[in-house]
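First comes one chain, alone, set out as structure tokens in the form predicted on its own.
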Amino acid sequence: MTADDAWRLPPWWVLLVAVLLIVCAELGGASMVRFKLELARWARDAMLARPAVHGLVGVRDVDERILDEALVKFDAGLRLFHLHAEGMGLVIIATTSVAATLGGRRAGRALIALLTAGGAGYPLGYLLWSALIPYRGIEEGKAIAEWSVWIPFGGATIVALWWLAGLVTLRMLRR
């Protein structure tokens, strides 16, 4: 193995971001279990305080179905944060290692920045969506999370991954 074939580590701050994201995922997962009832009560009370947002009509049989659906989505958003933050932490480590090794000086820095920012930001959209459900409803909360977090951060990650795939392909073709 030559020095040109050696893998390079990404900058220390990238590894720190990835590890912190995984730690947040674990804390989020533990908090979901520990505070499940408290979170559900808080979300339900916030939804009951905004009946027009959720389409509540004041009939218990009708309202309970609407509230149950919103609470399921609220819980799903928290769970999706937990899962995506764990996964994206690992994706950041793996992909930025490849970018540091194959990207060169300028391209490598840009790739590392896109992969780190996109990977760390994307899971936060699920937290935002969950936090918005009691106040803005399921669909409006999702739309806000999509446009403010998922599209820009997810888009950055997708662009960077395609760019990285191109670099890997070029490297393989050169051999």
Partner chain sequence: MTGPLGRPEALRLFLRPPTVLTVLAVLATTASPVAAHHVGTYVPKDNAVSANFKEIKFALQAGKLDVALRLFEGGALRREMRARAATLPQDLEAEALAAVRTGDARVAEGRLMVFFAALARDLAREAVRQLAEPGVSPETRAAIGPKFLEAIWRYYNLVDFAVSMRDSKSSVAMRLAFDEAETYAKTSAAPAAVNPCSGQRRAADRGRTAPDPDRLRASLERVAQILGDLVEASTPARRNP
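Numbering follows the first chain given and starts at 1. Predicted model only: the values in this text are computed from it and were never measured.
The form predicted together with the partner chain is left out here; the points below concern that form.
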**Prompt:** Would the partner chain in the model of the complex be within 4.5 angstroms of a non-hydrogen atom of every residue among 24, 39 and 81?
**Reply:** no
- Could you confirm whether residue 20 comes within 4.5 Å of the partner chain in the model of the complex, counting heavy atoms only? no
Does residue 142 make contact with the partner chain in the model of the complex, using a 4.5 Å heavy atom cut-off? yes
(message) Within 4.5 Å, heavy atoms only: does residue 59 come near the partner chain in the model of the complex?
(response) yes
Since only the chain is shown here, I'm wondering whether residue 34 would be in contact with the partner chain in the model of the complex (any heavy atom pair within 4.5 Å).
no
Looking in the model of the complex, the residues of 50-81 with a heavy atom no more than 4.5 Å from the partner chain, listed in order, are 54, 55, 57, 59, 60, 61, 62, 65, 66, 68, 69, 72, 73, 76, 80
